[in-house]
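What follows is a single chain, given as structure tokens, in the form predicted on its own.
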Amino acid sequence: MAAPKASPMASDPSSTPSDLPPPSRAARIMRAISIASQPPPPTPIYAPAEVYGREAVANIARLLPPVERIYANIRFAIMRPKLLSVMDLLLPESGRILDIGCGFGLFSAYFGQTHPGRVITGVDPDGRRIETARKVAKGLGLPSKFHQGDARTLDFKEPFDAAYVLDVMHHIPKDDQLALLADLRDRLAPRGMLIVKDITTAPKFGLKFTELLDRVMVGWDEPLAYRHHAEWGEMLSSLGFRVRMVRVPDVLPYPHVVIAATKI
């Protein structure tokens, strides 16, 4: 009896998939439909925002009354574009962001220009400043919202993707600082980002320099409650944040520190 004839694939080890018959027309159509139904990959955003730095600051200043414009120029001279760029990179490029102690809405207007997908909610106890903030946001076409009052007592229906507190914490009484940070944690969504920009206590010359300028701005009666950046880190860690921080050098002797705390 003759042995069965071996198949080409079995008899020829050098055979490759190219030796197989081509897929049927129906199989090719199904594969094309499958590929076409896949969503396109997101387009990477490598270019920096179009409005930033001096241009963004100038847009804000032109919408302010003369006295507030002088104040804004002083604030932006202290919070230089380099320092703002560090915080801008840490904030999400879109979503709901809370600005604590927003004042005239200067930084809400700045970060809103760099990434228009941000919806920033500013809170400040000064009603006159809140009105100015609203006018600036309207003049820039930003969707920012502003509320007069204490952030700890305001009722926000939805959690925020991020929050920031810029040079405000040392104006909060020391006994109230932890409670404010805890409240901000509770208002953040999971993995939300809290950015604290403040003044650290070292070196001492830098602290004294900053304190003198603070006194010129707020007077001699208001208590100032500075902390070393390690203290801020310990407080935030105890509240359930993962903390990173960086010292940002300046031409002037401000002891800037930027703290990025992620809710975990």
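What you see is a predicted model; the values in this text were computed from it and never measured. Residue numbers here begin at 1 and follow the sequence given.
What follows is about the form predicted together with a small molecule, which we do not show.
Visitor: How about Gly103 - does it come within 4.5 Å of the small molecule in the predicted complex, if we only consider non-hydrogen atoms?
Guide: Output for Gly103 is yes: heavy atoms within 4.5 Å of the small molecule.
Visitor: Please check if Phe111 has a heavy atom lying within 4.5 Å of any heavy atom of the small molecule in the predicted complex.
Guide: Phe111 lies outside the contact set for the small molecule.
Visitor: Would Pro125 show up as a contact with the small molecule in the predicted complex if we use heavy atoms at 4.5 Å?
Guide: Close contact exists here: in the predicted complex, Pro125 approaches the small molecule to within 4.5 Å, heavy atoms only.
Visitor: Against the small molecule in the predicted complex, would Leu98 count as a contact residue? Criterion: heavy atoms within 4.5 Å.
Guide: Judged by the heavy-atom cut-off of 4.5 Å, Leu98 is well away from the small molecule in the predicted complex.
Visitor: May I ask whether Tyr71, Phe107 and Leu166 all come within 4.5 angstroms of the small molecule in the predicted complex, judged by heavy atoms?
Guide: Yes: each residue has a heavy atom within 4.5 Å of the partner.
Visitor: Where, among 90 to 98, 166 to 174, 131 to 139, 186 to 194, do residues come within 4.5 Å of the small molecule in the predicted complex by heavy atom distance?
Guide: Of the options given, it is 166 to 174.
Visitor: Just to be sure I understand the contacts: of Gly149, Pro116, Pro81, Pro159, which is the one whose heavy atoms reach within 4.5 angstroms of the small molecule in the predicted complex?
Guide: Selected option: Gly149.
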